[in-house]
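Okay, here we've got a single chain as structure tokens, the form predicted on its own, with questions on binding and movement later.
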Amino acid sequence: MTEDAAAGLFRERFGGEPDGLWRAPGRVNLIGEHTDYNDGYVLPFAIDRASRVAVGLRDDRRVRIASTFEGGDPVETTLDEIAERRFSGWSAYPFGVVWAFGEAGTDLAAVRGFDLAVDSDVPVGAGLSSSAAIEMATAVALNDLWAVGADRAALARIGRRAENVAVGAPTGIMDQAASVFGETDAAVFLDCRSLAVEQVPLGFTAAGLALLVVDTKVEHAHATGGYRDRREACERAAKELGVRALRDVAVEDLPGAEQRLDPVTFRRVKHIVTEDARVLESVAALKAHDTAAFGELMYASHASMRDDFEISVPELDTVVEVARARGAIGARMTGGGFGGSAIALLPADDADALADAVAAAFADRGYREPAAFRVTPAQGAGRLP
């Protein structure tokens, strides 16, 4: 995919030239899963796969959107209808961002409508935040064209609001924050309560390492099902334990929590509390260039998600098992779970062999053929030249 795909679609569907092109990347999460909506810590990075939008302002209040991945005529509405949350389907991602700008204080009665064409090479359903990429590409474009002046943290909040309310997916803020705060060759260490950000240099490429993503092709949907159940369990547990969020429960508090909670809820709490600790330990390990320690934390994180939070699936477990057996430094599922992708950190020269070994294991077990590809930390959302 190139920037020309979005611009070409704009010309084809709307005529004329757009006012500009903007991009926003997807993300992988190195460690820190389901901790974001618990006010905890996460360590993702923006990847070198992104959504790109071509946008042109109109002289009326109409809004039209088209995409390379949804056929048919453009979806058309008005700013007034969006303000009333009258939209559905895939259009909820860009239209939800418009609505969330209004919720955040932008006067939708005072701005102009627009045409928007979007193209993306972030795999859908793979746990790499394809939805956040669309949201944040739309957000940075409108922030520029409408001269809103929102900073990156505010844009991340707008994206999260769109995802939670307009789309109906009960996710935290990690995906949007990774997309806007990403920097080349660095991970985004994010405190999800304060939105304080620290860039943690990774240096994987310089060290001869690669991060391999294996998309299991098991699709998930965050707006329904297990993800929502896990979030509700965490919120109930925080209330029972008398804390604002599970971020406020320390590892040494777990024995007491176990006495107060039912076994299933306790396991959910145990994952969140220990995962927050693993994020902090991971940041320290990466700063010390101790990739071996970081790799063991990745494996421990996966075990916690598999056994305590129960969000893994056999395909994800298979990727991690094969990666460990073949000597990968670390591996874990990434994203919300119930499908999607797993990641493995390993010497770059071994990446292709691992991809082949995982594909063979999937074939032996009767799973769908996976897709494997390398990702590198990329720059966050912004306008293209």
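We number the residues from 1 along the sequence you see. This is a predicted model, so every value here is computed, not measured.
FYI, the form predicted together with adenosine-5'-diphosphate (ADP) isn't displayed, but the following is about it.
Just to confirm, with a 4.5 Å cut-off on non-hydrogen atoms, which of L155, V188, M174, V118 contacts adenosine-5'-diphosphate (ADP) in the predicted complex? Comparing distances to adenosine-5'-diphosphate (ADP) in the predicted complex, the residue within 4.5 Å is V118.
Considering adenosine-5'-diphosphate (ADP) in the predicted complex, which of L142, I134, L246, V180 comes within 4.5 Å of it through any heavy atom? Contact check passes for I134.
Is S67 a contact residue for adenosine-5'-diphosphate (ADP) in the predicted complex, using a 4.5 Å heavy atom cut-off? Yes, S67 is a contact residue.
Verify the contact flag for E275: yes if a non-hydrogen atom of it lies within 4.5 Å of a non-hydrogen atom of adenosine-5'-diphosphate (ADP) in the predicted complex, no if not. Judged by the heavy-atom cut-off of 4.5 Å, E275 is well away from adenosine-5'-diphosphate (ADP) in the predicted complex.
Look up in the predicted complex whether W90 has a non-hydrogen atom within 4.5 angstroms of adenosine-5'-diphosphate (ADP), and give yes or no. Residue-level check for W90: yes, a contact with adenosine-5'-diphosphate (ADP).
Partner contact for A206 in the predicted complex: adenosine-5'-diphosphate (ADP), 4.5 angstroms, heavy atom: Output for A206 is no: heavy atoms all beyond 4.5 Å of adenosine-5'-diphosphate (ADP).
The chain here is shown without adenosine-5'-diphosphate (ADP). Which stretch in 122-130, 283-291, 225-233, 303-311 comes within 4.5 angstroms of it in the predicted complex, by heavy atom distance? Among the listed stretches, the partner-contacting one is 122-130.
Heavy atom within 4.5 Å of adenosine-5'-diphosphate (ADP) in the predicted complex: which residues of 138-163 qualify? Counting only heavy atoms within 4.5 Å of adenosine-5'-diphosphate (ADP) in the predicted complex, the single contacting residue of 138-163 is E163.
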